[in-house]
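One chain is shown next in structure tokens, namely the form predicted on its own.
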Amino acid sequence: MIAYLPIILVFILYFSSIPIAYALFGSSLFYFAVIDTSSPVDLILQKFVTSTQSFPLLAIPFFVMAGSIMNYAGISKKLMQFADVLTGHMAGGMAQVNVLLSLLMGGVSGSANADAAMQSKMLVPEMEKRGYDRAFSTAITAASSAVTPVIPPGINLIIYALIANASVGRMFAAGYVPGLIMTISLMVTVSIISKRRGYQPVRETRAGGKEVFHQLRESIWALLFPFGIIAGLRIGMFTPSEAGAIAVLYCIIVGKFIYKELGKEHIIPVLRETIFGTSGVVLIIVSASVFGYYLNWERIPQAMASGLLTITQNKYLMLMIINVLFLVMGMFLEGGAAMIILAPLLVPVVTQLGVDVIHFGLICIVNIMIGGLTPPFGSMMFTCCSITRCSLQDFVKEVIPFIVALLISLILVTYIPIITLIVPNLLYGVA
């Protein structure tokens, strides 16, 4: 039991408001400095440093920078106009625009919290002016932001690929269909609620083909971004890290010369957001790498796999158990932290049962996005409520139907593997 003490210590530190990166590293250091002193502590520090010397890690700062640039380049505005043309005529038009914009923003921001913050500032005040309840507006904004990291190039897709030693290209390709299913489930829920409450469409009639085509032409440069990344990765034109660099160059060209909204005054804000965004993510990843070194040293993943396999060897029942575990953990841990702690432990379990590692990655990511909406530690919940000044009690009441819709999507993703594997299998062949 002493060997499991660092895992308990991680939770103690985390619940004591210690950032998850420091909790992971501190617990690992405690193990090798106090519990098992057979290895020099210097090896832990060396592991921490060498973990940063990973070429795939370069994809993270590049994609963070690309997302930041596109926000300043007017891409968000173009995407919102395109979403309005497609869904503005539906019941609850502004809420439908909110959901569809999150789908379109997946390839731009790649971050649930970034999308939640942007739409809380941009859409919620406008929704309130049009008669939408503040709590409802906040809830759909937070719920729709759960779609963003599932659409490539979401940062969580990259993080999971690094943790599970999976193909980044296949992870990117696997996100499209689950993201679309989540979007449809939320839009159906919005439609049902809006008809009951009398939330009116933004526009009286459906946009004509000419208007749709015009707005598509205006937004095409933003819409092509994720597809261009996938195509380049598939034909071997560039690696994931090089794709990030190309994405930055693409965003600069579009923002400067096509939409002409990117200027010199944006350089410092872009660099600042990139540094802050990257440092937090990379620090967590390298700390998780050190923690993974401790886990493998004690063979804890193998022990956990053996223990879970004694419960059942039915992969469908095992996936249900894992989903429940993730959902419960998501109520107490921030989503990214839950994935970083649990994924290294659970990947060996599911692979022994024949579950595809890419399929399992999407199960994890959809699951932690639902966790981001639930109290007491839901990150998107806090982000949206703090910006819109919505009470947590009102938010929780309004978000429940959307959590149910996302849970239905999770069940479909879990038990119909073709949902996640159809696109990567078409592009890369059956693994």
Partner chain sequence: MHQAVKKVLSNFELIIASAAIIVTTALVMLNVFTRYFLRTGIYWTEEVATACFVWSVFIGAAAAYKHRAHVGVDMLVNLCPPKTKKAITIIVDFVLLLINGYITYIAVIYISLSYKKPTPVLGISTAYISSSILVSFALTTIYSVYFLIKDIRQPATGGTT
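Values in this document were obtained by computation on a predicted structure and should not be read as measured data. Numbering follows the first chain given and starts at 1.
Not on display, but discussed next: the form predicted in complex with its partner chain.
Site residues L104, E126 and S391 are none of them in contact with its partner chain in the model of the complex, judged by any heavy atom within 4.5 Å. Distance criterion of 4.5 Å from any heavy atom to its partner chain in the model of the complex singles out E242 from the list E298, E242, E261, E218. The listed set R272, K121, R196, H214 contains one residue whose heavy atoms approach its partner chain in the model of the complex to within 4.5 Å, identified as R272. None of 305-313, 338-346, 130-138, 232-240 except one has non-hydrogen atoms within 4.5 angstroms of its partner chain in the model of the complex; the exception is 232-240.
Of the heavy atoms in P401, none are within 4.5 Å of its partner chain in the model of the complex. Contact check for T278: a heavy atom falls within 4.5 Å of its partner chain in the model of the complex. Residue contact check for D36: none of its heavy atoms lie within 4.5 Å of its partner chain in the model of the complex.
Though the partner is left out of this view, V423 does not reach within 4.5 Å of its partner chain in the model of the complex, counting heavy atoms only. Along 60-94, a non-hydrogen atom within 4.5 Å of its partner chain in the model of the complex is carried by P61, F62, M65, in order along the sequence.
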